[in-house]
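Below sits a lone chain in structure tokens, taken as the form predicted on its own.
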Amino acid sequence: MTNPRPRLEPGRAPAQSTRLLVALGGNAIQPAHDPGTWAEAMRQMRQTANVLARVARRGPELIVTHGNGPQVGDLMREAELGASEVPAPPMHVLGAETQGQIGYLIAQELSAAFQHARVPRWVIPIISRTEVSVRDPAFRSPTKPVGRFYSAREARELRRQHGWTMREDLGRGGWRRVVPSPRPLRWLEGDAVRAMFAADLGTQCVFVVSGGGGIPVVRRQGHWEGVDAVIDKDRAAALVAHTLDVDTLAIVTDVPGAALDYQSDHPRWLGRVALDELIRYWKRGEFAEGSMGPKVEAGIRFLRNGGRTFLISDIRSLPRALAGRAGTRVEH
């Protein structure tokens, strides 16, 4: 079967006006505890792509963002092991590498899923940069752990050689590098993608953008400079959604939705929730900072900035969540 190709005809009215951003994370790309083989990544992404093809058949303009935690950790380890022969690139360059790697993976599998489902769309990965402020307090107090665990001796040596900030994880018996996690201010490629949507290309292309929260850059002496930092991918997804006037932001994670008392024996899963109610839960600390907290915060920010619907779901439940029959759903 030949691939059904969309005809690029700027000016043609879109099939329908709904614009959906799906933020992939967790086992939508790589299952927990997976060794990270390319074959396993393809298998997992194939399942995710089949779900996204079902969603795309319903007609919404679709944008995809994704995380990169395991992948950038692997590249950091590769660079460390090969540093005696090949100079190790800075962390922001490794972030760019993961955007290419995962963008390629999504394009391969999603294009095949579109062909099988007869969805006439192209998949276009875009290397994306995210502006952060050089004055962000995160640069004074790095908190985001990255990479592997080290012994105390290794941590001292890395601090001396590279100036890394190292922090001991008492619960897991080792030291890790910590980097800043500044707030995203602007998606630099956003205006270009907005122009493509204005030309009605959103019904013919699926754009894969802002991988891993985007490559963090700051403005110095009239030009952009990459910095070693990690931008929270969910906060960056909310920024992308606002930039592109998205109607629905769906954050895909490992669990079927947000829950109250999540760490207890009897978590209370949230279905349809009012925005004010979700804000109350968030302010009283129901959602952990290292897991569901940034997702809920991103959803609140998205809705406050004009979005209509915010969803949290696992990948299998996404079509039902979009129909209001699964996941956590907040409307504004």
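Because the structure is a prediction, the values reported are computed rather than measured. Residue numbers run from 1 along the displayed sequence.
The same protein has a further form, the form predicted in complex with a small molecule, not shown here; the description that follows concerns it.
Proximity of Pro319 to the small molecule in the model of the complex: non-hydrogen atoms within 4.5 Å are absent; the residue sits far from the partner. Contact check for Ser291: a heavy atom falls within 4.5 Å of the small molecule in the model of the complex. The closest non-hydrogen atom of Glu109 lies beyond 4.5 Å of the small molecule in the model of the complex. Under a 4.5 angstroms non-hydrogen atom cutoff, the small molecule in the model of the complex lacks Arg140 among its neighbouring residues.
Look at 221-229, 181-189, 129-137, 253-261: in the model of the complex, residues with non-hydrogen atoms within 4.5 angstroms of the small molecule sit in 253-261.
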